[in-house]
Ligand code: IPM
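A single chain comes next, written as structure tokens; it is the form predicted alone.
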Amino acid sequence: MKIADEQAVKAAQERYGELVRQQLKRVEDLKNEGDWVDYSRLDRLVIGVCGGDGIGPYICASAQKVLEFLLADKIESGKAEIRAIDGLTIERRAEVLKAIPDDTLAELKKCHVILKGPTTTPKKGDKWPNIESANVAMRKQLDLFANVRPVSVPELGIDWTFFRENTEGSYAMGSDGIDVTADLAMDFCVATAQGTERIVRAGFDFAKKSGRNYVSLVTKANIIKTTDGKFLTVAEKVAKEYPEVKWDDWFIDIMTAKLIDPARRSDFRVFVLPNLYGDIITDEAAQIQGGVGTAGSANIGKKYAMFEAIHGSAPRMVDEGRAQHADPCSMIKAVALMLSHIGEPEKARRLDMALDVCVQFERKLVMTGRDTGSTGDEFAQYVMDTVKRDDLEKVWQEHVDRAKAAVAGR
């Protein structure tokens, strides 16, 4: 081996050692993490709102109107406060060369839950410095370990909830890979017993408490034997504590096929996946529902929770003057997830039904992303008007039954 290569190996070993020590410290922190926040015991629930980049401020503002409408009683009584959090823009992050500016992070930590618009993550060739994803950084800093994404298509019998591990896997050290030499680059995948156990337990708890009683674990443990193997091994141990919950395991490649298999897809209920697989497959699932613009996302930890759209910031829409026509459905879906998380399940249920009626059934207003369709604020008002309907539940059920009959008759 060349002397230069030996030096490169030594430097890589030293860097790798630093990374291992960081992860071992994280394991110790995981062993000592606290209990879940009990929102019912809070004198005042503080909800932070971050607009983000591109279309983010537009769709976030539309979703905030829906949130304020549904929480009007708590806001008026002082039991809830909605607080604007600035500084999570790409301009500010590039200025300080941090994924989340320190002052912004401090403000976020004063909130209990956060509604966040899409943020721009620089890629190679951008005009921006190569800073880490704000999403990844927020998940790490606030320990938002569970990414929860529901997908529902009632007429197809699809009622899925994905529990994606959010702080480990292939994304945990996405900015910490090593360029060993000009010819060799290496990235890392992380799996801990503690991190895996808590995401698997969250999925099984949800399956049990919601009555779905079926969990599908998704890995590539036949090939990625160490980290995916640990994920599956820990999951098998946790599953023994939930004898009433049926479970099975699938490889990620075949699962992507089964989600579009009419003979199988309606059987699935709850999925638990490592980080990378969850990111990919939930976009596929959202497309089945109607596109990534229709799906919201919850990022949940024991102390904090953040709710967001699953799509990007779409700067082109802003450049072309179309931002006010951006579809706010994903952000409004995130509001429904937030309501469920903070102890407002009935308001969340009605909002979900209203979205089904507005997006999948009646479609009195249509989002096209251009002036040929509604603005985001107009659509948000349509959703709020639908939530207020006395016959909402009846109308929703009639549409679902009609759609199911049409599908069965094809």
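Sequential numbering from 1, following the sequence displayed. This is a predicted model, so every value here is computed, not measured.
Beyond the structure shown, there is the form predicted in complex with this ligand, which is absent from this document and is the topic of what follows.
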Legend entry - Check all three, Arg139, Tyr171 and Ile310, heavy atom within 4.5 Å of this ligand in the predicted complex: yes
Inset, instruction - Evaluate Arg93 for contact with this ligand in the predicted complex, applying a 4.5 angstroms cut-off between non-hydrogen atoms, and reply yes or no. - result: no
Legend entry - 4.5 Å heavy atom contact, Asp228 and this ligand in the predicted complex: no
Inset, instruction - Examine Asp279 and determine whether its closest non-hydrogen atom to this ligand in the predicted complex is within 4.5 angstroms. - result: yes
Inset, instruction - Flag Thr192 as yes or no: does it have a non-hydrogen atom within 4.5 angstroms of any non-hydrogen atom of this ligand in the predicted complex? - result: no
Inset, instruction - Among 155-163, 209-217, 302-310, 97-105, mark the stretch whose residues have heavy atoms within 4.5 Å of this ligand in the predicted complex. - result: 302-310
Inset, instruction - Sort through Thr89, Thr121, Ser330, Gln289 and report the residue having a heavy atom within 4.5 Å of this ligand in the predicted complex. - result: Thr121
Inset, instruction - Consider the chain as shown here, without its partner, and state which of Ser266, Ser133, Thr181, Thr233 has a heavy atom within 4.5 Å of this ligand in the predicted complex. - result: Ser133
Inset, instruction - Would you give me the residues of 217-244 that have any heavy atom within 4.5 Å of this ligand in the predicted complex, in order from first to last? - result: none
